[in-house]
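Coming up is one lone chain in structure tokens, specifically the form predicted on its own.
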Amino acid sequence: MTRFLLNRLAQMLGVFLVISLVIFMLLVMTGDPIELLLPPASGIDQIEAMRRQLGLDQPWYVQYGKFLRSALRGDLGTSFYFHEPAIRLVLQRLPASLELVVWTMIVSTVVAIPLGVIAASRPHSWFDRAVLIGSLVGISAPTFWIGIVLIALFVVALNVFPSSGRGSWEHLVLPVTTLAFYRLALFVRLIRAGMLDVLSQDYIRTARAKGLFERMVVYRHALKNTLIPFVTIGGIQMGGLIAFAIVTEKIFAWPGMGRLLLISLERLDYPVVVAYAIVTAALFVVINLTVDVLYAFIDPRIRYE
């Protein structure tokens, strides 16, 4: 296990290096942030002075080398616009994004598992067909469209939930529902497909022949053997939510990292964008590591030597 963790740590450092380099080069090629920081009537002297002050007058590889030296000390630069450390700005928004992601995964998992199990236990029934149709709609519907429909229905028409902000549980309902719609549909189909395969195995017939209760056969023996692919896809979806819940945060004015990223991209705020990418990559690595460790708990045959 120790060697496994050390290998993952080395991979994580490599991932950070590649991501920071790619993001840095893309941002440099995108445009000049000085044009957005200074008023249009600024003179050449003001522009050059600002460029020297921010270190943008040097070649991109020199800027990147300085960034790496600062990053080794935990300094990812200062925001051009907010004039605060970039990593602090991102970490301040991280709890809001994690709150949204965690509740989305909880709702999706808690609802999807029983729906998928019941649908697989009653194949070709009306319930199974209803679940398949509903999951098809959930996978096909664009996330931004779901958010707009929910706002039109529950905010404009019924005035039940707030449309923006963060605070009480009521602020979570609409954005979590928006993000959970696709994940719920995906998880239901995944659980159903896995359960259909497992329920046809010989050991399930043996368990039933021994007289075990159907609930025990389904949940203790069958469901457990479908959890590895479910945990794998769930980890990928959780990482994707952290990185790409940007549109939902924008629609509901949720004060998370995604909304900060949009603001920083509009203003070409290099340090904040790079800090966002590194924090997101770190969360991806942690999630993948957690998934790998969970494999050993789900299936005792899996060991990391």
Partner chain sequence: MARTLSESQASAVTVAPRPARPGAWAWRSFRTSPIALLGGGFLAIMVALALLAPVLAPWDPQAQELSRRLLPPTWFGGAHPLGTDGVGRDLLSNILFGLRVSLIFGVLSIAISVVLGVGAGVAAGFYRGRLDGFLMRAADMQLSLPFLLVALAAAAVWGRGLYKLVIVVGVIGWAEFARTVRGSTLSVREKEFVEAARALGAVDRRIMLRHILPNVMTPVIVLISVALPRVIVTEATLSFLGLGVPLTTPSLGLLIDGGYKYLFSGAWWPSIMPGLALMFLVVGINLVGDWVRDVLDPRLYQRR
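Positions refer to the first chain, counted from 1. As the structure is a computational prediction, the values presented were derived from the model and not from experiment.
Another form, the form predicted together with the partner chain, is not on view; read the next lines as being about it.
Site annotation in the predicted complex: the residue of M216, V110, V102, A141 reaching within 4.5 Å of the partner chain with a heavy atom is A141.
The listed set L68, I47, L262, V62 contains one residue whose heavy atoms approach the partner chain in the predicted complex to within 4.5 Å, identified as L262. Contact annotation: V149 falls within 4.5 Å of the partner chain in the predicted complex, judged by heavy atom distances.
In the predicted complex, L56 stays away from the partner chain, with no heavy atom inside 4.5 Å.
Although the partner is absent here, V156 is a contact residue: one of its heavy atoms lies within 4.5 angstroms of the partner chain in the predicted complex.
Contact annotation: Y276 falls within 4.5 Å of the partner chain in the predicted complex, judged by heavy atom distances.
Proximity to the partner chain in the predicted complex holds for none of P95, H171 and T178, with the criterion being a heavy atom within 4.5 Å. Annotation for 239 to 265: interface residues with the partner chain in the predicted complex are G239, G240, A243, F244, I246, V247, K250, I251, L261, L262, L265 [heavy atom within 4.5 Å].
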